[in-house]
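In the form predicted on its own, a lone chain appears below as structure tokens.
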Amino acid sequence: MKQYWWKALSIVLILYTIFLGLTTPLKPAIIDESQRSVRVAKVGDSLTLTATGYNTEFTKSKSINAWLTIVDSIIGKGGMPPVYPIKANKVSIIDDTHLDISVQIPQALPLSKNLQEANLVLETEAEGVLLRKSFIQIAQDSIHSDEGKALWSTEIAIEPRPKKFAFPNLEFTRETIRNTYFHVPMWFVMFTLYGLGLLYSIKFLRTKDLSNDLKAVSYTRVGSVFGFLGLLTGGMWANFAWGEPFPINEIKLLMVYTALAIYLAYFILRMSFDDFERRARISAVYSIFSFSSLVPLLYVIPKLAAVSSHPGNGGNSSIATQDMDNYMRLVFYPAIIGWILLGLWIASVAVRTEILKEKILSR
């Protein structure tokens, strides 16, 4: 029974991933219901703005404070850019997800620009601090930055709130951020199984033992299945973030297609030979070529690309360095381990099936 512990562990970790990954709520956030449009106002205007929350409970807060803030692009003292806020005159709670905010915009802006973006900052008793970047654009005909800095000088007094167990609520992912626990681990499984396929291919070239060839093709076959699962889960994510599941101009996808096509050719090549030893020898050499192409195709070329929408490529930050927090890591790392163990389990069954098939055919 001790030899099956890792199989039981894979089931436990995947169930843990599915449960926490799909049931943990996202952090409260302020969202845009009008397709990321930005309202434009002028200095001196008296406005009533509507803020829409996501996973918020505004009605549980006795009072809510709101500020419009303009952030200078120039880094100030302490390595932080100066922030110029004004406090809203009145915040009216409509329901759990909607607020009416009344604000009087001063007669001048703090920066030397005719058009400046202002962020919305909320402080609630239930959610703590919420930020909506580029909430409104404010225009001015003439520039009086010194006067504006004096007018935009309200202090923001915010009390820290205890953090709740919740996942990041990002504008371009929302609930699809949960796909991190399924899409990304598929590639880890694929690389692991392709690597084992390479290992047994090298072993065959050294020992000429056909059982190593059977192990190599089994690990490679299951690795390709997880590669296609990674492609499909990525397409579901891309459909939300980019508007189409498989955009033809995305360099990362083009490289994934190329890598999977190279491994598809591996199986076609094996079907071209009837002689077992010759097939195994040529397949082993091709496996070395296939695996050596994975890193340049999937990591080097996309990172060097000038334009890419995929995280971690084309100058974009990766999910792990910017969007993922410690709460997500509590699910993400067990997910990787669980899916890899499941992939090894499936591959071990495939190896036994290939060996049994070979014994039956050799009779």
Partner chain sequence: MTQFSEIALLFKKEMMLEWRQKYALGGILLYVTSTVFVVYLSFVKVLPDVWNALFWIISLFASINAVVKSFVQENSNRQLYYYQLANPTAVILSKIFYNIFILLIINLLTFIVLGLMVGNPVSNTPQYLLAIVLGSIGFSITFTFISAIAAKANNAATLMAILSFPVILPVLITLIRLSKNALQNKSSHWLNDIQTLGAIDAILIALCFVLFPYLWRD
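Predicted model only: the values in this text are computed from it and were never measured. Residue numbers count along the first chain shown, from 1.
The form predicted in complex with the partner chain is left out here; the points below concern that form.
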Given that the partner is absent here, does F276 sit within 4.5 Å of the partner chain in the predicted bound form, heavy atoms only? no
Does I74 make contact with the partner chain in the predicted bound form, using a 4.5 Å heavy atom cut-off? no
May I ask you to state whether S142 is within 4.5 Å of the partner chain in the predicted bound form, using heavy atom distances? no
is_contact(S292, the partner chain) in the predicted bound form, heavy atom dist at most 4.5 Å: yes
Contact check in the predicted bound form: I262, S272 and L297 versus the partner chain, with a cutoff of 4.5 Å between any heavy atoms. Do all three pass? yes
Answer option from I94, I282, I156, L199, heavy atom within 4.5 Å of the partner chain in the predicted bound form: I282
One residue of I31, L330, V40, I301 in contact with the partner chain, assessed in the predicted bound form (non-hydrogen atom, 4.5 angstroms): I301
I need the one stretch from 126-134, 100-108, 187-195, 254-262 whose residues put non-hydrogen atoms within 4.5 angstroms of the partner chain in the predicted bound form. 254-262
Along 196-213, which positions have a non-hydrogen atom within 4.5 Å of the partner chain in the predicted bound form? L205
